[in-house]
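The chain that follows stands alone, in the form predicted alone, written as C-alpha coordinates.
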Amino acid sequence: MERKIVSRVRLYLHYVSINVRSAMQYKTSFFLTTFGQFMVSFQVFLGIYFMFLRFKSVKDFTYSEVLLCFSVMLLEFSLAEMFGRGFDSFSGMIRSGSFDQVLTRPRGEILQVLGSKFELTRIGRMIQAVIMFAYGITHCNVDWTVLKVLTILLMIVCGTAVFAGLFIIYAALCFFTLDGLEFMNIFTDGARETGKYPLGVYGKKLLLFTTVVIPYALVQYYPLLYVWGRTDKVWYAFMPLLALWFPLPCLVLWRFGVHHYKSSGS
(Lines give C-alpha, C1' and ligand atoms only; values in the text may rest on other atoms or scores of the structure.)
Protein backbone atom coordinates (compact mmCIF):
# COMPACT_ATOMS: atom_id res chain seq x y z
CA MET A 1 0.00 0.00 0.00
CA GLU A 2 2.80 2.41 0.93
CA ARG A 3 4.61 1.73 -2.32
CA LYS A 4 1.43 2.40 -4.31
CA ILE A 5 0.89 5.73 -2.57
CA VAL A 6 4.51 6.78 -3.09
CA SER A 7 4.30 5.70 -6.73
CA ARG A 8 1.15 7.74 -7.29
CA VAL A 9 2.62 10.80 -5.62
CA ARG A 10 5.73 10.54 -7.76
CA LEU A 11 3.65 10.16 -10.90
CA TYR A 12 1.53 13.18 -10.00
CA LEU A 13 4.63 15.28 -9.29
CA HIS A 14 5.95 14.18 -12.68
CA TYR A 15 2.73 15.41 -14.28
CA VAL A 16 3.11 18.73 -12.45
CA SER A 17 6.70 19.00 -13.60
CA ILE A 18 5.64 18.49 -17.22
CA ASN A 19 2.96 21.20 -16.95
CA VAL A 20 5.35 23.66 -15.30
CA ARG A 21 8.06 23.09 -17.90
CA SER A 22 5.47 23.50 -20.64
CA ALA A 23 4.30 26.81 -19.16
CA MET A 24 7.88 28.05 -18.86
CA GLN A 25 8.42 27.57 -22.59
CA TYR A 26 6.45 30.78 -23.08
CA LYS A 27 7.62 32.88 -20.16
CA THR A 28 6.15 36.17 -21.37
CA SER A 29 2.73 34.62 -21.79
CA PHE A 30 3.02 32.98 -18.36
CA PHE A 31 3.93 36.20 -16.52
CA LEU A 32 1.28 38.25 -18.35
CA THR A 33 -1.39 35.66 -17.54
CA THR A 34 -0.25 35.51 -13.92
CA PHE A 35 -0.41 39.30 -13.73
CA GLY A 36 -3.88 39.20 -15.27
CA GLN A 37 -5.02 36.75 -12.59
CA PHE A 38 -3.64 39.10 -9.96
CA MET A 39 -5.50 42.08 -11.43
CA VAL A 40 -8.83 40.23 -11.58
CA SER A 41 -8.69 39.67 -7.83
CA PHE A 42 -7.33 43.17 -7.30
CA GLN A 43 -10.50 44.64 -8.79
CA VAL A 44 -12.56 42.79 -6.21
CA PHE A 45 -10.25 44.11 -3.50
CA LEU A 46 -10.79 47.66 -4.78
CA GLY A 47 -14.55 47.14 -4.54
CA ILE A 48 -14.19 46.21 -0.87
CA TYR A 49 -11.78 49.09 -0.25
CA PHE A 50 -14.03 51.76 -1.74
CA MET A 51 -17.10 50.39 0.02
CA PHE A 52 -15.35 50.68 3.38
CA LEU A 53 -14.40 54.26 2.59
CA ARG A 54 -18.13 54.96 2.73
CA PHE A 55 -19.22 52.43 5.37
CA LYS A 56 -17.10 51.61 8.40
CA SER A 57 -18.43 48.08 8.89
CA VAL A 58 -20.68 45.40 7.40
CA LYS A 59 -22.94 44.04 10.12
CA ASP A 60 -20.27 44.81 12.72
CA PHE A 61 -17.49 43.19 10.67
CA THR A 62 -14.54 45.51 10.17
CA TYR A 63 -12.45 46.12 7.06
CA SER A 64 -9.55 43.95 8.26
CA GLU A 65 -11.92 41.13 9.23
CA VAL A 66 -13.53 41.19 5.78
CA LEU A 67 -10.11 41.14 4.12
CA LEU A 68 -9.09 38.14 6.21
CA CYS A 69 -12.33 36.43 5.30
CA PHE A 70 -11.96 37.09 1.57
CA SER A 71 -8.27 36.19 1.47
CA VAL A 72 -8.90 32.77 3.01
CA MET A 73 -11.75 32.06 0.57
CA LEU A 74 -9.69 33.26 -2.40
CA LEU A 75 -6.72 31.14 -1.33
CA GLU A 76 -8.91 28.04 -1.01
CA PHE A 77 -10.40 28.62 -4.46
CA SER A 78 -7.04 29.35 -6.08
CA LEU A 79 -5.41 26.22 -4.66
CA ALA A 80 -8.32 24.05 -5.82
CA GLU A 81 -8.24 25.61 -9.27
CA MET A 82 -4.45 25.24 -9.52
CA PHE A 83 -4.35 21.56 -8.57
CA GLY A 84 -7.82 20.57 -9.82
CA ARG A 85 -7.72 22.34 -13.17
CA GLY A 86 -7.86 18.97 -14.92
CA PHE A 87 -11.42 18.49 -13.68
CA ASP A 88 -12.34 22.10 -14.43
CA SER A 89 -11.32 21.67 -18.08
CA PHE A 90 -12.53 18.07 -18.33
CA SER A 91 -15.21 18.82 -20.94
CA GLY A 92 -12.48 19.33 -23.56
CA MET A 93 -11.08 15.87 -22.77
CA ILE A 94 -14.54 14.35 -23.30
CA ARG A 95 -15.21 16.16 -26.59
CA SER A 96 -11.81 15.28 -28.05
CA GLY A 97 -12.04 11.64 -27.03
CA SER A 98 -8.89 11.91 -24.90
CA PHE A 99 -10.64 10.28 -21.96
CA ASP A 100 -10.81 7.05 -23.97
CA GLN A 101 -7.02 6.96 -23.87
CA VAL A 102 -7.07 7.61 -20.12
CA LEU A 103 -9.22 4.52 -19.56
CA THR A 104 -6.79 2.29 -21.45
CA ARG A 105 -3.83 3.19 -19.23
CA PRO A 106 -2.90 1.20 -16.12
CA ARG A 107 -3.17 4.17 -13.75
CA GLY A 108 -6.37 5.46 -12.12
CA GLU A 109 -8.38 7.94 -14.15
CA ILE A 110 -8.60 10.47 -11.28
CA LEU A 111 -4.83 10.73 -11.04
CA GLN A 112 -4.51 11.12 -14.80
CA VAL A 113 -7.19 13.79 -15.03
CA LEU A 114 -5.64 15.68 -12.12
CA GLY A 115 -2.26 15.55 -13.80
CA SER A 116 -3.55 16.55 -17.22
CA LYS A 117 -3.69 20.22 -16.26
CA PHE A 118 -1.82 22.16 -13.60
CA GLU A 119 -2.60 25.89 -13.74
CA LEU A 120 0.48 27.56 -12.30
CA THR A 121 -0.73 31.00 -13.41
CA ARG A 122 -3.29 30.90 -10.56
CA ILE A 123 -0.38 31.87 -8.36
CA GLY A 124 -1.30 35.45 -9.30
CA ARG A 125 -4.52 35.14 -7.29
CA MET A 126 -2.67 33.42 -4.49
CA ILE A 127 -0.23 36.33 -4.21
CA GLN A 128 -3.19 38.69 -3.91
CA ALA A 129 -4.74 36.43 -1.25
CA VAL A 130 -1.48 36.26 0.74
CA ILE A 131 -1.11 40.06 0.73
CA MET A 132 -4.68 40.56 1.97
CA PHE A 133 -4.23 37.77 4.51
CA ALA A 134 -1.06 39.37 5.88
CA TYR A 135 -2.85 42.70 6.26
CA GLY A 136 -5.89 41.07 7.83
CA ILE A 137 -4.07 39.08 10.49
CA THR A 138 -1.99 42.09 11.53
CA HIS A 139 -4.97 44.43 11.91
CA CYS A 140 -7.67 42.17 13.38
CA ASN A 141 -6.30 42.34 16.93
CA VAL A 142 -6.53 38.58 17.16
CA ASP A 143 -5.04 36.96 20.25
CA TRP A 144 -3.22 34.25 18.33
CA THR A 145 -2.85 30.80 19.86
CA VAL A 146 -1.69 27.48 18.48
CA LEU A 147 -5.33 26.40 18.09
CA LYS A 148 -6.22 29.52 16.09
CA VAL A 149 -3.27 28.98 13.77
CA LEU A 150 -4.40 25.38 13.35
CA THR A 151 -7.92 26.64 12.60
CA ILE A 152 -6.65 28.77 9.71
CA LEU A 153 -4.70 25.82 8.31
CA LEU A 154 -7.77 23.56 8.56
CA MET A 155 -9.86 26.19 6.77
CA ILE A 156 -7.43 26.36 3.87
CA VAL A 157 -6.99 22.60 3.49
CA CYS A 158 -10.67 21.67 3.93
CA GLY A 159 -11.87 24.65 1.87
CA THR A 160 -9.62 23.54 -0.98
CA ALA A 161 -11.21 20.08 -0.73
CA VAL A 162 -14.72 21.60 -0.96
CA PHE A 163 -13.90 23.55 -4.12
CA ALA A 164 -12.14 20.50 -5.57
CA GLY A 165 -15.34 18.54 -4.94
CA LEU A 166 -17.29 21.09 -6.96
CA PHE A 167 -14.84 20.75 -9.85
CA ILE A 168 -15.32 16.96 -9.68
CA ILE A 169 -19.11 17.43 -9.93
CA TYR A 170 -18.58 19.72 -12.92
CA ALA A 171 -16.45 17.04 -14.59
CA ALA A 172 -18.81 14.18 -13.70
CA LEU A 173 -21.76 15.94 -15.34
CA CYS A 174 -19.77 16.09 -18.57
CA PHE A 175 -20.21 12.32 -18.93
CA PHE A 176 -23.90 12.94 -19.58
CA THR A 177 -23.83 16.34 -21.33
CA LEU A 178 -20.50 16.07 -23.25
CA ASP A 179 -19.91 19.68 -22.32
CA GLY A 180 -19.47 21.74 -19.19
CA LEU A 181 -22.57 23.23 -17.59
CA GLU A 182 -22.05 26.94 -16.99
CA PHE A 183 -24.50 27.00 -14.08
CA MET A 184 -21.79 25.29 -12.01
CA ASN A 185 -19.93 28.61 -12.01
CA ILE A 186 -22.57 29.81 -9.56
CA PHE A 187 -21.10 27.44 -6.99
CA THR A 188 -17.41 28.01 -7.81
CA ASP A 189 -16.78 31.55 -9.04
CA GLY A 190 -19.99 32.68 -7.36
CA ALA A 191 -18.86 31.27 -4.03
CA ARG A 192 -15.51 33.01 -4.38
CA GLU A 193 -17.26 36.35 -4.88
CA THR A 194 -19.89 35.74 -2.18
CA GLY A 195 -17.18 34.62 0.22
CA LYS A 196 -15.49 38.01 0.22
CA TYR A 197 -17.84 38.81 3.12
CA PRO A 198 -18.66 36.61 6.11
CA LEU A 199 -21.51 34.35 4.99
CA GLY A 200 -23.58 35.27 8.02
CA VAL A 201 -24.27 38.74 6.56
CA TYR A 202 -26.43 37.24 3.77
CA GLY A 203 -29.17 35.95 6.05
CA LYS A 204 -30.14 32.72 7.76
CA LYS A 205 -31.36 30.88 4.63
CA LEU A 206 -28.11 31.23 2.72
CA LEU A 207 -26.13 30.45 5.87
CA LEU A 208 -28.14 27.25 6.31
CA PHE A 209 -27.59 26.29 2.65
CA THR A 210 -23.86 26.88 2.92
CA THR A 211 -23.72 24.83 6.11
CA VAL A 212 -25.59 21.64 5.21
CA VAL A 213 -25.66 21.52 1.38
CA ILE A 214 -22.43 23.01 0.06
CA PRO A 215 -20.42 23.61 3.23
CA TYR A 216 -18.69 26.92 2.49
CA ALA A 217 -19.67 28.27 5.90
CA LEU A 218 -17.88 25.39 7.63
CA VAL A 219 -14.59 26.51 6.07
CA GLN A 220 -15.19 30.24 6.31
CA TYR A 221 -17.80 31.76 8.63
CA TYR A 222 -17.89 29.55 11.73
CA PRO A 223 -14.15 29.00 12.23
CA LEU A 224 -13.45 32.70 11.64
CA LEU A 225 -15.91 33.58 14.41
CA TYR A 226 -13.66 31.61 16.74
CA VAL A 227 -10.46 33.16 15.34
CA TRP A 228 -11.87 36.68 15.76
CA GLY A 229 -12.98 35.92 19.31
CA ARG A 230 -16.66 36.47 18.47
CA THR A 231 -17.57 33.13 20.03
CA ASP A 232 -16.13 31.08 22.86
CA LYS A 233 -17.25 27.79 21.31
CA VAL A 234 -13.94 25.99 20.84
CA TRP A 235 -15.52 23.33 18.63
CA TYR A 236 -16.02 26.01 15.96
CA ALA A 237 -12.27 25.69 15.37
CA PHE A 238 -12.74 22.13 14.13
CA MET A 239 -15.82 22.71 11.98
CA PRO A 240 -13.73 22.73 8.75
CA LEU A 241 -13.20 19.00 9.32
CA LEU A 242 -16.96 18.47 9.01
CA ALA A 243 -16.76 19.81 5.44
CA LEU A 244 -14.67 16.82 4.40
CA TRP A 245 -17.87 14.83 3.89
CA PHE A 246 -18.59 16.87 0.77
CA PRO A 247 -15.94 15.42 -1.62
CA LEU A 248 -17.22 11.88 -0.91
CA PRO A 249 -20.57 12.13 -2.78
CA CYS A 250 -18.72 14.09 -5.49
CA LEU A 251 -16.41 11.10 -6.01
CA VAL A 252 -19.42 8.75 -5.99
CA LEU A 253 -20.99 10.82 -8.79
CA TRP A 254 -17.68 10.69 -10.66
CA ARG A 255 -17.52 6.90 -10.36
CA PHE A 256 -21.12 6.67 -11.54
CA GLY A 257 -20.25 8.79 -14.58
CA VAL A 258 -17.17 6.71 -15.41
CA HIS A 259 -19.21 3.50 -15.10
CA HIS A 260 -21.84 4.79 -17.55
CA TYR A 261 -19.40 6.54 -19.90
CA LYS A 262 -19.65 5.83 -23.60
CA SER A 263 -17.13 7.25 -26.01
CA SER A 264 -18.07 10.59 -27.58
CA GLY A 265 -17.03 9.16 -30.93
CA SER A 266 -14.37 11.78 -31.56
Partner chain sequence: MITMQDVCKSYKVAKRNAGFGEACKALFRREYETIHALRNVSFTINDGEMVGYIGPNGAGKSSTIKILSGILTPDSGTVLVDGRVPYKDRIRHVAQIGVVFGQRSQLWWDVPVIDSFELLKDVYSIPQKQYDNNLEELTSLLNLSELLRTPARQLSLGQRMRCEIAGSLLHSPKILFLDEPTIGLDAVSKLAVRDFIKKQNELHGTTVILTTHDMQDIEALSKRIILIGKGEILLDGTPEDLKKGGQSIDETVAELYRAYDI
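Numbering follows the first chain given and starts at 1. None of the values given here were measured: they were computed from a predicted structure.
Note that the form predicted in complex with its partner chain isn't included here; everything after this is about it.
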query	finding
Interface stretch in the predicted complex with its partner chain - options 115-123, 160-168, 136-144, 187-195, non-hydrogen atom within 4.5 Å	115-123
Three-residue site 10, 102 and 105 fully in contact with its partner chain in the predicted complex at 4.5 Å by heavy atom	yes
Residue among 35, 235, 49, 26 with a heavy atom within 4.5 Å of its partner chain in the predicted complex	26
Residue 252 within 4.5 Å of its partner chain in the predicted complex, heavy atoms	no
Residue contact check: residue 92 to its partner chain in the predicted complex, 4.5 Å heavy atom	no
Contact of residue 242 with its partner chain in the predicted complex (heavy atom, 4.5 Å)	no
Contact test in the predicted complex: residue 248 vs its partner chain, heavy atoms, 4.5 Å	no
In the predicted complex: members of 11-32 within 4.5 Å of its partner chain, any heavy atom	11, 14, 15, 18, 19, 21, 22, 25, 26
